[in-house]
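The chain that follows stands alone, in the form predicted on its own, written as structure tokens.
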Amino acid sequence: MRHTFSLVFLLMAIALAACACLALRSRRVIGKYVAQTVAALIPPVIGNMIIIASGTKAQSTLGCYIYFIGMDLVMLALTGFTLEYCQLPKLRAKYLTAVRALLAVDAVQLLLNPLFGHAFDTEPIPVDGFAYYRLVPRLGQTFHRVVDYGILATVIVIFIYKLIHTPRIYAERYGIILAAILAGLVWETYYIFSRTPIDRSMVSFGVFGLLVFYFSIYYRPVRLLDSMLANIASEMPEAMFFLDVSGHCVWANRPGQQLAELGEGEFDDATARLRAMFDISLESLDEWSVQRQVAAEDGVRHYMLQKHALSDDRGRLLGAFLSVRDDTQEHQALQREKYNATHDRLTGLYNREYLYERIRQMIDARRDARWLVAFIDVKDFKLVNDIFGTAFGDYAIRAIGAWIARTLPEGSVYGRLAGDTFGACVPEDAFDEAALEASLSRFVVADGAVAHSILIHIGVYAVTEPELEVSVMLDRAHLALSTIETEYQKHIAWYDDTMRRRILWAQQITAELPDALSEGQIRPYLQPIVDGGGRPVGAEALVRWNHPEKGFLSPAAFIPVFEENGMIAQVDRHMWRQACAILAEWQRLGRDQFISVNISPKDFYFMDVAAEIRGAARDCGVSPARLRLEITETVMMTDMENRIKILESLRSEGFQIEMDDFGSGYSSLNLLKDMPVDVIKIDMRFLSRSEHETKARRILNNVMRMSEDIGIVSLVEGVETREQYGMLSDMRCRLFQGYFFARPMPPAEFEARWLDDLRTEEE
């Protein structure tokens, strides 16, 4: 027996040491406390092993010291483990301090026993034929037992408290540890009071250590996990169905029971109802994911179904579970988001980006079909907003969108491009121009007592180049509207080859302009301006383009293009510089003539006109009085106050201002009152033959008298006959210009024919 117990205790100590090492390796916080507790159990076991194995008093006494000090270590480690395991960190600092103090006092008094003999002694008794030294307790031993049992009692109280105040599902976590402590306590108590020779209760120490190690590090509370998973599944918003290997439902959560209309615990009918509702098969354990739509009282419901197989740790199939998620709200939100991304919010029609995409798809899908792309423009819509307000304006846009939707033929696509413009693509064979014209001729938007006639123009491009970008097709349709810009009776215009050639020509000369300027292809021609005696006093610089392939281009071939795209500013800047260079040469030769240059209204948008003109004159050293600036009344149509300031500043520096095309507009007399003008230019076409010729002459005569009265020089251009020249001279016209005197010519020819002759005459 002696050797048997010694071997058992030795193996137990080895097992506890191994468990302590494994616990230290654990990444869990509790691992440190488990390792301390399990390791602390080793000294009492070793102490008892020495007591049993020894045959002398000294060895037995040493074993007792190891056992008693080891028990103090057990109580200290068990206290730390209990506070961590029972999750009571707030008690740890104060309580552990008190426990350490008590155990330190106990350890000191035990170690003083050899001096005073107050704690214990040993006495030999025969056991199975060998000498066994039994403990003889004294007062110090009683103190030791009170301290250890008191600490152990506190540990037991803590576990009982947690057991009472913790949900029943967690009872397993604390109950097993508490049971092991109580079993060891009872066994140890029995040994103490029964005076049994050999302390067999040490076996409970080993069992307790193993239980602490297993339940703290490796044990997973299956009942707890099962309950938690069941509760989680029950509370999930998705319907959950758990199936056995044959596909029969064995459990469903509450949403699942509601979906399949099952009673509590009645799962047998679930499989059949799910099959009928969603047209799915559940008999196989294959995994899949599908979407289904189901008709309901509140409309169509959308569901996402996912089936997953379940296996054990050996890979054997246990069954499956089916999740059914109601995606109706997400589907509706996605549809709304998609709708908002592709539709105009005000009209409900396609927005520009999606309209481009749909037109592209239609044309690409049927390249053999003939299509019309239309640009729909509401004329002067700003007036509608200004007069009736933006609320009525929005209503009008919606009404126009609704008209487009119900009027365009089937198979068309249409949408709102921006503001008051719309686009459409229509099958050519379904396009009824006459019906559209009739509808547009009486288009009225009425909102209660407010009604307003709306003028809508439609530009149409017949798709002859289907590979073009949709935006280019709409640009061509838009370009067609320029032919009916001021029309009120005609509402539909077609893009044709003439427009196409004009576009290509505009693109060509726009690209060629930089080289034309740098290479001198664009140059000034001079047309003389003469006084009453026919002598040249100056000239007007008129732009000409000597194209390397097309030859001399008429200004009408390129000036309107550059006026439209704003590149006229580059041409004018070049002409001002060229005119100043010519004047500088004249000035060097002592010639006192001036040159008039044109200023386009677009120049004010693309550059600082005053700075450019001053710079050109300054760089060439030309007197400002020799450079006359010719403007039309359209320059003053916008930003009039600021432009008058610009002209006044130039005039104050010596530049003279000429107003061209006087009398051809609607506000010339009004402008003449405010504008800083030195010369007015009257076009001879004012006297074109008509039944009112006499009246025209009287008006012209009075205009010249008026200009003379207010100190403004009059100049008539377009003089072509001697009779006109004589008549204008009789009217006391000061300056003349026209083909009667000369056509525009290169500067060298002008100088040879006019200025050299003038010098000879003067000499």
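Residue positions are given as counts along the sequence shown, with the first one as 1. Since this is a predicted model, take the numbers as computed values, not measurements.
The discussion below concerns the form predicted together with a small molecule, not included here.
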query	finding
Option from 535-543, 363-371, 96-104, 437-445 whose residues, in the predicted complex, bring a heavy atom within 4.5 Å of the small molecule	535-543
Partner proximity in the predicted complex: Gly175 to the small molecule, non-hydrogen atom cutoff 4.5 Å	no
In the predicted complex, Pro555 touching the small molecule (heavy atom, 4.5 Å)	yes
Heavy atom of Thr154 within 4.5 Å of the small molecule in the predicted complex	no
Contact of Ile595 with the small molecule in the predicted complex (heavy atom, 4.5 Å)	no
Residue (of Asp678, Asp377, Asp327, Asp661) lying close to the small molecule in the predicted complex, criterion heavy atoms within 4.5 Å	Asp661
Interface residue in the predicted complex among Asp244, Glu84, Asp475, Glu630, criterion: non-hydrogen atom within 4.5 angstroms of the small molecule	Glu630
